[in-house]
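One chain comes next, on its own, written as structure tokens: the form predicted alone.
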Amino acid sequence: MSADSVRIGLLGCGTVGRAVVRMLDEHGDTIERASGHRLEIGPILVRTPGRSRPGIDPGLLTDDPARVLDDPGVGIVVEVMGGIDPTLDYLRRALESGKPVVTANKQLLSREGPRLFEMAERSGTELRFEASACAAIPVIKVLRESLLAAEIRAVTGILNGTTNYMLTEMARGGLSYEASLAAAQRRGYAEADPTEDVNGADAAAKLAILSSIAFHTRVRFDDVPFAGIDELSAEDVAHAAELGFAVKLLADARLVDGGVSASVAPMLVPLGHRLAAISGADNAVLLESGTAGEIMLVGPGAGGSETASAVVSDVLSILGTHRGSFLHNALADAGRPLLGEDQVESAYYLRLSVADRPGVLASVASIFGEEELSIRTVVQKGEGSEARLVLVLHRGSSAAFRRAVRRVALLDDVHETPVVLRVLGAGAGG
């Protein structure tokens, strides 16, 4: 039986786009045997069609988006160019013309996802986005297919490989933030401008997508408060290790009293926890289900070949799926409210620089007691007339903790701005 030929129009031909072309070229026969479809690439939208790209037919390259979007021979549009503008308009044009779309664009989906899904639904076509979060790890497929009826209660993960590599180096080698960033850039894990990685924005965009699917709730990028590791001190990584914790940049979303809490921040993770063992540039997502228990997915969360494998997987899913079934789930909205940080409970780590004299710890402890917060661990290290006071608090009200820290910071014996990190554990985000 002869295979059906399907032409792929490609928007963008950077690292991921070239990897998609290479994958279809090298594994086209295997894909054809398994799926019954012969996938062909072209045309390809690029900024500079005249520049040589080894392995790619120059005749396929164009700087005219109409050649991709308006070509009746293009069966599926794959977007790997990134950005919001003009990408949003290109995808709108593709969807409104009835062409299925596969995208790896986490920033676009986390901001404009509902709008794009509605466009696809109106046109009766598909919008797939597995590659937008965690690259080769099939977490979106697991959430919306394998665990669709599994009552997901929490999604907690290491969603950024750059920062996980940096934190691993800071813990293992005692490197400073600056030295670990330089090491990540030398290894190719960090971009020349690593801002969205190190400040938490990259992980927040991915979490918005994952929590929208997991909880059937419209969570956008602006709904996810985030903090990064760009102000994290090697001293706090070392203190955490002494106390039995690893520091990880965690994305955490969960159901709390009928609402959805979602945030990204560096957290202390107990060394016995599954996520504490994830090292290097790997990503990991821990799914907590009321019916299936805990399921953890681990693997490379970035890279051209890894992302390309998710893109091609989405293309094949489109060819083998009844039209509209994927969108129906992606558009589902349970109407759950989104909770602010002060509406949930968490455990916390606190480091203070204080005067080394009697009564300081008692003053600090008194404030936390008045806010009905319990101290789990205290470590005090003297340094002449100064001392480092490190506390780990049991889970309690985040609003009460913030009030207590503001009061502690006003004490005459507290000499620097307190350092605060969340602690992963039982309860919402901690």
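Superpose the two forms; the largest set of C-alphas matching within 1.5 Å is the rigid core. Please read all numbers here as calculations on a predicted model, not as lab measurements. Each residue number is its position in the shown sequence, starting from 1.
Omitted from view is the form predicted in complex with L-homoserine (HSE), to which the following refers.
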**Asked** Among D71, E118, E191, E235, which has at least one heavy atom within 4.5 Å of L-homoserine (HSE) in the predicted complex?
**Response** E191
**Request:** Please pick, from D202, E169, D314, E126, the one residue with any non-hydrogen atom lying within 4.5 angstroms of L-homoserine (HSE) in the predicted complex.
**Result:** D202
**Message:** Under a 4.5 Å heavy atom criterion, is L159 part of the interface with L-homoserine (HSE) in the predicted complex?
**Reply:** yes
**Contact flag, D197 vs L-homoserine (HSE) in the predicted complex, heavy atom cut 4.5 Å** = yes
**Asked** Taking heavy atoms only, is A246 within 4.5 angstroms of L-homoserine (HSE) in the predicted complex?
**Response** no
**Asked** Is the gap between L339 and L-homoserine (HSE) in the predicted complex 4.5 Å or less for some heavy atom pair?
**Response** no
**Stretch in contact, per heavy atom within 4.5 angstroms of L-homoserine (HSE) in the predicted complex, of 147-155, 247-255, 300-308, 350-358** = 300-308
**Complete:** Near L-homoserine (HSE) in the predicted complex, with a heavy atom at 4.5 Å or closer, the residues from 91-106 are K106
**Item:** Core-superposed C-alpha of F226 shifting 2 Å or more between this form and the one not shown
**Value:** no
**Prompt:** Quick one: core overlaid, is M166 moving 2 Å or more at the Cα between this form and the one not shown?
**Reply:** yes
**Prompt:** Any CA movement of 2 Å or more for A135 between this form and the one not shown, core superposed?
**Reply:** no
